[in-house]
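Given next, in structure tokens, is a single chain: the form predicted alone.
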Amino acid sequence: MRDDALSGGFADTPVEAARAFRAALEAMARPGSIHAVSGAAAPEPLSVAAAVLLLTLCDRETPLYLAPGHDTEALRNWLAFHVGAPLVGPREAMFAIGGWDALAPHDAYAIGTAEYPDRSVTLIVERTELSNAGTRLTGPGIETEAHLSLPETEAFQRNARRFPLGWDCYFTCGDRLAALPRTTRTEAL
């Protein structure tokens, strides 16, 4: 394991993890809202926001899938030291991380069961752009409507129709994150 795998975690873990968890919850509760986070620095290509989410939401009992482009030795070593999450294939993952196209096919992930809809994956989608423009969002947590720059709308529409089954999504770009739960309805403009 290289020395750079040992750096990049939270400096003040209780405080930074609490702030990050609050941002992650707020993003999921208010779809389309964008939140800045800090405190983590993982090897490329992982963004600061994605690293913060992994440090906050994953542990030794959280199966994680690294999509092509994110499955690097440096990132595997960083995750092994800081998170300890077992790396698995797409079907077994509780979290999956990568670019939208690299995470395809999006129907390959667990969507839960009628008895346990919570046994589904959360996708962490790395983006080059994240803004409050583009796709129209409506549903729980949104007063009237919100907008978010999504990679497409069709996959999210299919996912919402499966409710209460389906996956949830975080979008990360640099030090910012947003979320789109399966309950959100999307409409291309």
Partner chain sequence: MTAMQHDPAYNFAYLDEQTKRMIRRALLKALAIPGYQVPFASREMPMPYGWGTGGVQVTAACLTPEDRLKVIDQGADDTTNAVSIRKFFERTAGVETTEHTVQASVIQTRHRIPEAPLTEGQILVYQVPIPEPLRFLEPRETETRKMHALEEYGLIYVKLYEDIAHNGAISTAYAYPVKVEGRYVMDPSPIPKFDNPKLESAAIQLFGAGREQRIYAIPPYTQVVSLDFEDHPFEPSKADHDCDLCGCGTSYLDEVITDDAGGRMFVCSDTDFCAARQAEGHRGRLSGEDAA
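The shown structure was predicted, so the numbers you read here are calculated from the model rather than taken from an experiment. Positions refer to the first chain, counted from 1.
One more form of this protein exists, namely the form predicted together with the partner chain; it is left out here, but the text below deals with it.
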* With the partner chain left out of view, choose which of 125, 37, 137, 121 has a non-hydrogen atom within 4.5 angstroms of it in the predicted complex. => 121
* Structure fact -> The one residue among 150, 146, 160, 55 placing a heavy atom within 4.5 Å of the partner chain in the predicted complex is 55
* Name the stretch, out of 64-72, 43-51, 22-30, 152-160, where some heavy atom lies within 4.5 Å of the partner chain in the predicted complex. => 22-30
* To do: Please run the contact check for residue 142 against the partner chain in the predicted complex: heavy atoms, 4.5 angstroms, yes or no?
  => yes
* Contact of residue 171 with the partner chain in the predicted complex (heavy atom, 4.5 Å) -> no
* **Contact label in the predicted complex: residue 85 to the partner chain, heavy atom within 4.5 Å** => no
* Can you check whether residue 109 is within 4.5 Å of the partner chain in the predicted complex, heavy atom basis? -> no
* **Residues within 4.5 Å of the partner chain in the predicted complex, restricted to 90-116 and counted by heavy atom** => 94, 95, 114, 115, 116
